[in-house]
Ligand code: PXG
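First comes one chain, alone, set out as structure tokens in the form predicted alone.
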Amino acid sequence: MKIYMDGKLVEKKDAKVSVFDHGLLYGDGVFEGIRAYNGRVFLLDEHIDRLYDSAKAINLDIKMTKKAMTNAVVKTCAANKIKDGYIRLVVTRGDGTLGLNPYLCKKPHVIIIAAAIQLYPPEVYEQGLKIVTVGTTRNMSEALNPRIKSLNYLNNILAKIEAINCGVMEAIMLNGQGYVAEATGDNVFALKNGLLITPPAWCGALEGTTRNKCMDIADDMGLDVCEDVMSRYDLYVADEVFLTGTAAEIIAVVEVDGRKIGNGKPGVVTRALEASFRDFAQNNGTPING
């Protein structure tokens, strides 16, 4: 496996960072998870834009142009002969001191990993997920804006631990006001009487690229789509619930906190969105070769 490290492709065993990197010491940095389908990098421009927006928000100056970063992603995929896979693009603050001062880190590090990924087993996509609400609340938007995709994921990890300890694979996180924010790594959608709703970013939800594309596809399908606050009640009584994310794609939720959603099987609209999304992803993106 070839890993992109600051302008060079190196072997996996040689891909190393300093113990003084503030990405390691403090989670100071940003990242993107990106998918490749059928020899193309999907929504690459959108991911690159969000990476640079996240970096700007934390005052991290990436020492590369967007075009150079785009080329680096494609180059890494080509070097690893990726056709269908997952790309993790990471920018750390760089090497510094044991203090918090980020301005003592002179140069950020850019790391790109391109490999295979399977977030959930195939049978879960077929049967749907059972999930629970957990006690770990989503970070306050005023403290850490959810649109910043930072390296500090401890909030999500604590929620994931609760989910696993409850015997399920995913969890719903609420914000400080008790409204639905997101899952530990995915956005949440609920369908009720033909209206498709997802929480807005200010509720604590990451403005996901898959989320946004799903909303576009749903709109093209003639569904009414909106961002609005959602309580657990809205999930319990929904006709269909599903999650979206780069790694997860679109996956149905069939049970929330022991409440069966709809008839307890992946819904018709969810299945239609899955099919439309995969068809779009297979035929659109930035070519890896040529």
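The model shown is predicted, which means the values in this text are computed figures rather than measured ones. Start at 1 with the first residue shown and count on from there.
The discussion below concerns the form predicted together with the named molecule, not included here.
- prompt: Counting only non-hydrogen atoms and a 4.5 angstroms cut-off, does Y86 reach the named molecule in the predicted complex?
  reply: Yes, Y86 lies within 4.5 Å of the named molecule in the predicted complex.
message: I'd like to know if A247 sits close to the named molecule in the predicted complex, meaning any non-hydrogen atom pair within 4.5 angstroms.
response: Yes.
query: Does T209 make contact with the named molecule in the predicted complex, using a 4.5 Å heavy atom cut-off?
result: Contact check for T209: yes, within 4.5 Å of the named molecule in the predicted complex.
task: Give a yes/no on whether R138 approaches the named molecule to within 4.5 Å in the predicted complex, heavy atoms considered.
output: Because a heavy atom of R138 falls inside 4.5 Å of the named molecule in the predicted complex, the answer is yes.
task: Please pick, from G185, G96, P199, G128, the one residue with any non-hydrogen atom lying within 4.5 angstroms of the named molecule in the predicted complex.
output: Going through each option in turn, the one that passes is G185.
- prompt: Considering the named molecule in the predicted complex, which of Y52, F31, Y236, Y26 comes within 4.5 Å of it through any heavy atom?
  reply: Looking at Y52, F31, Y236, Y26 one by one, just F31 meets the 4.5 Å heavy-atom criterion.
message: Does the named molecule, in the predicted complex, lie within 4.5 angstroms of each residue among K2, Y4 and T286, using heavy atoms as the measure?
response: So, no: the whole triplet misses the named molecule.
query: Where does the named molecule sit in the predicted complex: which of 216-224, 76-84, 200-208, 105-113, heavy atoms within 4.5 Å?
result: Careful reading of the contacts points to 200-208.
field: Residues within stretch 129-156 having a non-hydrogen atom within 4.5 Å of the named molecule in the predicted complex
entry: Heavy-atom contacts to the named molecule in the predicted complex: R138, K149, Y153, N156.
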